[in-house]
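The chain below stands alone, shown as structure tokens; this is the form predicted on its own.
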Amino acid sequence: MRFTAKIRPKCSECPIRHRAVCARCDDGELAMLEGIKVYRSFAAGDPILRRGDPLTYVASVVHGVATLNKTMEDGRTQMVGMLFPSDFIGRPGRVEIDFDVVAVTDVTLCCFQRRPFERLIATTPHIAQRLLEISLDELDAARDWMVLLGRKTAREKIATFVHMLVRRQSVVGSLGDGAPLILPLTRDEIASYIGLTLETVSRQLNAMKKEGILRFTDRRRFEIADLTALHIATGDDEEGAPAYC
């Protein structure tokens, strides 16, 4: 169920302030955004937007994790992306949404009505510049994901996925050694997302647990016991590290 929060934190106090679409805004520009924003919250499992819906608003994820899904004509569904805090939903200039957006945890969005936001883009270079940066980061991440799906081994795929969670879940606050993390997807959903079977996902996660790379407290909560070993398992060198944050 969606509801609109009556209390809206000030932009200057927002936990994603320095990573979101407003990251480059000065005080005057933040004041303009304050005037058109509203917070909306969704429970885990709630649809946020459906493919083909009129795009009446765009938004930044403040808290939680959501997925982007594409449904084909025969009803098959493919997860094509994940959204973490500071990620942007919607495309200015579009009149409808291209994907199904679903909350996989409780999600809070900072929403802006599309038309007023588009007018701000035209008059506020800092917002336009940041949107371009976000779009280019998404392009880099999509290219990295093509490598994962097309060339990486099962172990490298799982390690890359977990490494991405480490990067993205550390957006707000600092992530120190042993900090708890959460698998926002079920193992079946992970398998679908990275092109493996459920059995392979479980086997690889268990192997990393036995090798002392990961430490699970339950099926969803875990810690990184050896971040260096995790990075090595991704198959990426330091310069080629995936651009997920």
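Keep in mind that this is a model prediction, so the values were computed, not measured. For the two forms, the rigid core is made up of the largest set of C-alpha atoms that agree within 1.5 Å on superposition. All residue numbers are counted from 1 along the displayed sequence.
Same protein, other form: the form predicted in complex with a further copy of the same chain, not shown, and the subject of what follows.
Shown without its partner, this chain lists R155, R94, R115, R167 as candidates; in the predicted bound form, only R94 has a non-hydrogen atom within 4.5 angstroms of a further copy of the same chain. The listed set V162, V102, M79, C111 contains one residue whose heavy atoms approach a further copy of the same chain in the predicted bound form to within 4.5 Å, identified as M79.
No member of the trio C11, D106 and P184 reaches a further copy of the same chain in the predicted bound form with any non-hydrogen atom inside 4.5 Å. Contact annotation for P180: none of its heavy atoms lies within 4.5 Å of a further copy of the same chain in the predicted bound form.
A residue is said to contact a partner when one of its heavy atoms sits within 4.5 Å of a partner heavy atom; S192 meets this definition for a further copy of the same chain in the predicted bound form. Although the partner is absent here, V65 is not a contact residue: none of its heavy atoms lies within 4.5 angstroms of a further copy of the same chain in the predicted bound form. a further copy of the same chain in the predicted bound form is not approached by L205, whose heavy atoms all lie more than 4.5 angstroms from it. Residues placing heavy atoms within 4.5 Å of a further copy of the same chain in the predicted bound form fall in a single listed stretch, namely 184 to 192, out of 209 to 217, 36 to 44, 184 to 192, 55 to 63. Contact residues in stretch 124 to 144 (any heavy atom within 4.5 Å of a further copy of the same chain, taken in the predicted bound form) are Q129, L131, L132, E133, S135, L136, D137, E138, L139, D140, A142, R143, D144. Relative to the superposed core, I16 shifts its CA atom by less than 2 Å between the shown form and the other one.
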